[in-house]
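A lone chain, given as C-alpha cells: the form predicted on its own.
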C-alpha cells in the first residue's frame, strides 16, 4: 500500500504533460506529483522507435528508483505508443499511457471525417492503426504530422509571442485533402498541442471539435488510485533531465501550478 507522501510520476519530453497535470489537479488536488521533463532527450518524434523505447524505459526505471512513485504516467503520445509495453515490463507499479483520443472523437463526429495531428512518430504507429480499427471503423481518419508545433507550445508557455502561421498552414493543408472540407473533429495527438487550443480554434473555426486525452487520462489515474490517501503537505516538484536551466522561462507557469523551481534529475 502506498504511503500518503508517495508521489505520482508524470513523464513527458517537455511541458506538454502539464495539460495532464492540470486535469489531474482538478480530480486529485492533494496528490503529490513529480513532473519529469526529458529536455535532454527532446524531440522524441525524430528518434527511432528503438531509441525512444530504450530511453523511456531506462529513464523511468531510474526515476522510479529515486522517487518511489505509487503510479507513473507517460504523458506523451509518442513515448506511449512506442514504449508503454516495455515500461510495464520494467516497473511494478501501475503505468498509465497517453494515446490519441480517437475513441471520443469517433463518438463526436457527425460528418465521419476526423483529423489527427501529432508527431511523425506517433501518426505512423501500428498502435494508432489499431485504435482506428477498433473505434473509428467506417470513419475517415486524416493524419498529419506537425512536430514543429511542439516548440511553439513550449514558447507560448514561456510567455513568448508566437506566430500562428504554422497552425493556419496546417488547417489549409488538411482542408485541401480529399474530404478535408468535411472535417468536424480534430484530435490533438500530442500533449503539447492543447496548450495551443486557442490558436487551433481560430485556424479551424467554431464548427470543428478539438479533442485531447488529458481529462480521460486524469480520470484513469484517479480510478487506479481510488481509496488511497494523499498528504496535502507534500509538495509537488518539476524536474528536468540535464541542467535545470533548460526550464528557463517557465517560472511563472510552474509557480502557478505549485511546482516550484525546476530541479535537475541528474543533479537533484
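Please read these numbers as outputs of a predicted model, since none were measured by experiment. Positions refer to the first chain, counted from 1.
The following text describes the form predicted together with a small molecule, which does not appear among the structures shown.
> With the cut-off set at 4.5 Å between non-hydrogen atoms, does residue 119 touch the small molecule in the predicted complex?
Heavy-atom contact with the small molecule at 4.5 Å: present for residue 119.
> Would residue 42 sit within 4.5 Å of the small molecule in the predicted complex, counting heavy atoms only?
It does: once the small molecule is placed as it appears in the predicted complex, residue 42 has a heavy atom within 4.5 Å of it.
> Would residue 187 sit within 4.5 Å of the small molecule in the predicted complex, counting heavy atoms only?
Answer no; every heavy atom of residue 187 is more than 4.5 Å from the small molecule in the predicted complex.
> Given that the partner is absent here, does residue 153 sit within 4.5 Å of the small molecule in the predicted complex, heavy atoms only?
So residue 153 does not count as contacting the small molecule.
> Within 4.5 Å of the small molecule in the predicted complex - does that hold for a heavy atom of every one of 6, 33 and 70?
Verified in the predicted complex; spot residues all out of contact, no.
> Tell me which of 136-144, 77-85, 169-177, 103-111 has residues with heavy atoms within 4.5 angstroms of the small molecule in the predicted complex?
Correct option: 77-85.
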